[in-house]
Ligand code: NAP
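The chain below stands alone and is given as structure tokens, in the form predicted alone.
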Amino acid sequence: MRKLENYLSGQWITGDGEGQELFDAVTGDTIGFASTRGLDFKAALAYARKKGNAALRKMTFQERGRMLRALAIHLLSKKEQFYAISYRTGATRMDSWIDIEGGIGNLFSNASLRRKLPDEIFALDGDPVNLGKNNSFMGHHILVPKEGVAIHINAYNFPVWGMLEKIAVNLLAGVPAVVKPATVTSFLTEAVVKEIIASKILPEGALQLICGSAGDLLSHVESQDVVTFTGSAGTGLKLKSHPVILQHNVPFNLEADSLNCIVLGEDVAPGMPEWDIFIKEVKKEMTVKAGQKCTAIRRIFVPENKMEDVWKGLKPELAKTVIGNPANEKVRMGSLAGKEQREEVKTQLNKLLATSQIIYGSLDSVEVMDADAKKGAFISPILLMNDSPFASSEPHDVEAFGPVSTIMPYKGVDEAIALSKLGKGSLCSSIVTADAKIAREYVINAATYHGRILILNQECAKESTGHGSPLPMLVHGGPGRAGGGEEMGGLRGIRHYLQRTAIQGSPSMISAVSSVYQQHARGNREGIHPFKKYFEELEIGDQLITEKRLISSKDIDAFADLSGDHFYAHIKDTDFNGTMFEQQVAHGYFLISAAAGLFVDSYDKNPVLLNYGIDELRFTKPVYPGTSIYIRFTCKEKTAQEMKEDATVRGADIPKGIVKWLVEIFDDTDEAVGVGTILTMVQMKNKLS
């Protein structure tokens, strides 16, 4: 019988001894064994820091993002071999789609974040802060990759997504990972990692895999490392309290299983679209992955006068669910991940039955298709009912991690909010309502106890990803029982693996360090107009001081006629008593247009391809007729653009980048009257390698 392999310190190795036996969740057959006995975890972490971290830190965010995209494309081409293995975890095709293609989608999504990050190995965070009256001293915040390794200890329910959603973030940040999936389904994670390593897309040391016990892994963490854990709150607390983690203040992100809830709004009645949406959502969350999701609905809160209608609507829908061999196309719910998981679900169910009753399903029997119910880890969907949710603690304390939910009544939105909070902190909640007032009341008052809230109605139902679907651009986690952590969340997630450091100095020094021009820094005025330079030739701080232009009343009138903007302040015969102005004032947009006329160079072709937009435009002082203005125009920031794959798109074959320019407009007293950032697309001499 084969033994699973671990990938550590650059090689595939097996642990000593037989290790833990792994089973096919559908047939009960032995798949193999997993062991980590005798493996040197201390050396593996050191290898990640020395080899993987060093390589990733040398790459820019753009390069790391392209690396993630290449990896996603590669894994997508191998997805069918992952599906074949995934069936053995008890997952249906749809379950596996969430796990496999959902995980790959996470790589794509995080790869796209590179467009919001600089073409640098670090990033700035937030806005600059002026610390001196004479503009010679300032502060900023810089984000640099931590010099350690991300250690991901994952749950058994999503052996692919659980890994990919985490490593996508740390790899984009520039930090390597050691992944320790739950042993029971680690054979699927192993298959994916083998493809990742074989592709050679990641630098060596960027990803390592442990299939089996974590052993003394956490005894070797250091202050620059980050540990994440997904699983039970009890195990999470034990790991989070590890003396080495406490001693070195190692960041620890905990995502614990939680008693998530869904609320049916008081406004929703049978026959409304929202009624059908609610029934469908509850059924889906009970049966997808056989209820083995940390985000699954465990508590169903329904207005007390609609309780019977709801459970009568749910029972026939649950009865339609075909249970059995997930490889069979007719099957809609597979098995649990293993017989141990099934016994654990039954144990927890018996606790719930102390105050609740089964109104659908069975603890002991289940009809299955194309499988043997005794050999596989199958269980029936079970719907419980509890009539006294405020008097019963079990529904709010006990989680049966399977296709199990409890329906409970409430009176008024205040009670629904109070009941939602009895879960002591949840990853997510949903409310199905067509009433905006009910939605607002619930969200604002329930948010403190939830990491995510879905407002579901007919307007968004077709595009909604559903109650149980965390999204890479939004944070995933929750307070209290849910662990108090946050994962993903777009740029927020990346910051978990970056060190934020306040930097102080002169604007020129901060510009030099950050590769972003800071206002009031010295400029480079060498006499060549910046628009005559190709992308590679431009340097941060290249600067132009323009000639002056006199603003006349005739100019303001002409711009008003041309633009159609006849706001009273731009009309010279306005009575200005009681206004903020002394006399006719120039349009702000006229000033920025006039500024362009001052800094744009001649009619000749040059490397500037087009104007890409304007950011952060502010008008800081009125400009009256008779005032002269001039411009200080400075190269602020550069980001190279990738070549478009579709060569039929106009300009796709032109290598180029985006250049941000700081535009400062001054009057004849040298006081700033306007400031903004314009973006231009500038041609490169050479293609991006």
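Numbers for residues come from their place in the sequence shown, where the first is 1. Fair warning: this is a prediction, and the values are worked out from it, not measured in the lab.
The protein also exists as the form predicted in complex with the named molecule; that form is not presented, and the subsequent description refers to it.
- Looking at residue 232, you'd find a heavy atom of it within 4.5 angstroms of the named molecule in the predicted bound form.
- Though the partner is left out of this view, residue 257 does reach within 4.5 Å of the named molecule in the predicted bound form, counting heavy atoms only.
- Taking the partner from elsewhere, residue 183 is found to have a heavy atom lying within 4.5 Å of the named molecule in the predicted bound form.
- At least one heavy atom of residue 239 is located within 4.5 Å of the named molecule in the predicted bound form.
- For the named molecule in the predicted bound form, the listed stretch (124-132, 92-100, 444-452, 174-182) containing residues with heavy atoms inside 4.5 Å is 174-182.
- This chain appears without its partner; in the predicted bound form, the one residue of 399, 225, 190, 285 with a heavy atom within 4.5 Å of the named molecule is 399.
- For the options 86, 208, 154, 356, the one in contact with the named molecule in the predicted bound form, meaning a heavy atom within 4.5 Å, is 154.
- Of the residues in 411-447, only 427 comes within 4.5 Å of the named molecule in the predicted bound form through at least one heavy atom.
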